[in-house]
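Given as structure tokens, the chain that follows is alone and in the form predicted alone.
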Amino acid sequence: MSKYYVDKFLYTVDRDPELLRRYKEDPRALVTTWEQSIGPKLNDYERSTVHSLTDAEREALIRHDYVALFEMGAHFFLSLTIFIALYDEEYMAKHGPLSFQREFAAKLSHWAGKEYPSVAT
């Protein structure tokens, strides 16, 4: 897994309301755009040496599959915060406060008592 690149995606998109909106509305298009034009940039003057996601990473990001991302070693906090940003309001409206966070925890409950995947890059 190119953990750094996945984590960079999660961090970058979560902190930009326009990217976050696009990720929620059309994840495939945003992941493709990000991978081709946003991700390779370190800043306005430098380019990254990592230029692509693996097929599994790309599909997990497109499907918003935070369990797969966790199991591949994506940083837990980055995953949690972006998916809270995407889903918290609608879950809260339907099921009350912290309902998305409880679902997130339940879907990862099979990891309880086990050593978590390394987030080292």
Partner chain sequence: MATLAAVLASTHHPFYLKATTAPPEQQMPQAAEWKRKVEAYRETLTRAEPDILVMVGADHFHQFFLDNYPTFLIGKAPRYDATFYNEEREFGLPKYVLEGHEELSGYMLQGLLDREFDFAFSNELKIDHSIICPIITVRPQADLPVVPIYANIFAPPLPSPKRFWKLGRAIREIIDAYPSDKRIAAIGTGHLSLELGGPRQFGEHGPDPEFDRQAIEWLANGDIEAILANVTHESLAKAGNATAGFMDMILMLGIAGPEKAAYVDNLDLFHTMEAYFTWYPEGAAA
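Keep in mind that what you see is a predicted model, and the values were worked out from it rather than measured. Residue numbers count along the first chain shown, from 1.
Quick note: we don't show the form predicted together with the partner chain, though the next part is all about it.
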Worksheet entry | Contact check for Ala29, Arg47 and Met72 against the partner chain in the predicted bound form, heavy atom at 4.5 Å | no
Discussion item. Would you classify Tyr87 as touching the partner chain in the predicted bound form, given a 4.5 Å non-hydrogen atom cut-off?
Written reply: no
Worksheet item: Quick one: does Leu80 come within 4.5 Å of the partner chain in the predicted bound form, counting heavy atoms only?
Response: yes
Item to complete: Although the partner chain is absent from this view, report whether Arg102 comes within 4.5 Å of it in the predicted bound form, heavy atoms only.
Response: yes
Worksheet item: Given that the partner is absent here, does Arg15 sit within 4.5 Å of the partner chain in the predicted bound form, heavy atoms only?
Response: yes
